[in-house]
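The chain that follows stands alone, in the form predicted alone, written as structure tokens.
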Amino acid sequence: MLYPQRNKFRHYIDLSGFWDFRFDPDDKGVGENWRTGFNNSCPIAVPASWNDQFADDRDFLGPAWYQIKFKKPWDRENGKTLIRFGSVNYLSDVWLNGELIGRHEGGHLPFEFDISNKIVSEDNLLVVRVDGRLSDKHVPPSGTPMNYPQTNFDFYPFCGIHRPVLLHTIPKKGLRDITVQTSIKDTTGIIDVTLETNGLNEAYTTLTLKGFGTEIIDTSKIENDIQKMALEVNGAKFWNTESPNLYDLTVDIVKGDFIIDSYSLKVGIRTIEVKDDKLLLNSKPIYLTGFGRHEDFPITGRGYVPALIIKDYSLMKWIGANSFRTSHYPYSEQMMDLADRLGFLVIDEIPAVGLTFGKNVIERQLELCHQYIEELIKRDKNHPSVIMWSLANEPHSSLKSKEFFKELYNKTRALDNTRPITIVHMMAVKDKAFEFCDVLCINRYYGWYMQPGKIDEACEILSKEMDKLYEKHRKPIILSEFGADTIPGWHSQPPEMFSEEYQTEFLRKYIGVCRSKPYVIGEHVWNLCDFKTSQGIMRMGSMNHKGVFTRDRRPKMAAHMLCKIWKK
């Protein structure tokens, strides 16, 4: 699924703005044919979560309905018209002019429908029904009645149209997909390009690579719908965290004397691999410093906010981070584009948080995980910033998890054999799912949920457990979560829980344990910023306060401490 572009052959318009909106608490919209349009609506901003846009109904998870009218913006006889959703959480049904055009399950990943034969020249009515209600058959699943809403995960279940909705056109016969993989031989960068085209004959593909004083052009005749080409770049500028060098690759489809389709993308030449106890970027060891984080902000919830993306990258640069994990779901495509541009390393995670493996749901959970990893790799495979796929966060320990993750690992490896694969776990030593991982990611909170207030004792337990885990698997380890809830402005001497001093001491000593282990390849603090959660006795103000920045991005003491360590 190539992201829409604007050129002579492709175009898009963004339908973001104010839509009509209506809650459907009695679930009567389908029976009353709201798909053909509905009244008694109110305005809502798209993209954004619906939960915090209104004075009431914050915890209503659906169903709810959106609608917008638009005119056909172009008339292209040789083009297809599609409607593309960047993310809708969780279930979505989409109608155009009263006709169902498609359904999708799962938030955080894009989907699109061909509406070429359904769009009309004058007024078109797009209607979307969104259902974010929790279920044990969903991924992520519902959870304990100790929380409200009843999540099985520790972040708020925001609902709605979260990312841009794009109306776009593409040629009827042209490029369907592009896959770029890179390798390095001495100072030469090798770019392998796999092209998927649609019903072309007597046509040619021209690749043009530009950047850093280099221009390489290669042309090949299209023999079938899948075509492989390669470019060699002598004296290449490689992509890394210090110098995120990006080349411009343009793919033109030529028939006769005319270009009939074109697409451009950024290419970073780099390699990533696990060798012995090390993670190697361009054959050199790299140590990850950074965060787990959330797409979360007041009022907009999990909605796409460009300025917030810029702010978060600026804070991560300032503090000395070089990486982050997309906990616990894929982030926006724009976030990934900037990771390429700014030189951040990304552990890219599907929305499989809190898997339960219950006998009545395990088959459906596996089916959804297959869907998510396919959608994620299709979306993010060309990003040099993506260095690892994560298949789950904190799944429940189960005898069934071994076969579950073995199948999912094999699926991921078949889709992309160029990146390491991991699972982020709490039950690390006992669980057998780590047998199928290239890197072991563990979340640990000794000194907080266990051994509260006893940081030194917590670090001793952590150290011994890490050694035991490494002896069992002999694979590199990332401490992918560690942290302590901290109320900004709360101080204590000696440090006590919830104070800024305690968080600072907690993180500093945990990092000391990580740095003492030659097999540890990274430390990701939980969390970059405070974030919204369900209500419960564990979460004052329905907030997780483990951020080293507040929810509105103000630093706590720990942020300054990390800045000194990570920039040293």
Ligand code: BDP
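This structure is a prediction, so every number in the text was calculated from the model and none was measured. Start at 1 with the first residue shown and count on from there.
What follows is about the form predicted together with the ligand, which we do not show.
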item: Residue 449, heavy atom within 4.5 angstroms of the ligand in the model of the complex; value: yes
item: Residue 390, heavy atom within 4.5 angstroms of the ligand in the model of the complex; value: no
item: Touches the ligand in the model of the complex: residue 313 (any heavy atom, 4.5 Å); value: no
item: 4.5 Å heavy atom contact, residue 556 to the ligand in the model of the complex; value: no
item: Within 4.5 Å of the ligand in the model of the complex, all of 20, 36 and 97 (non-hydrogen atom); value: no
item: Contact stretch among 468-476, 441-449, 170-178, 205-213 - heavy atom within 4.5 Å of the ligand in the model of the complex; value: 441-449
item: Contact assignment for the ligand in the model of the complex, among 296, 154, 340, 380, heavy atom within 4.5 Å; value: 154
item: Contacting member of 270, 162, 419, 328, with respect to the ligand in the model of the complex [4.5 Å, heavy atom]; value: 328
item: Stretch 536-550: residues contacting the ligand in the model of the complex, 4.5 Å heavy atom cut-off; value: 539, 544, 546
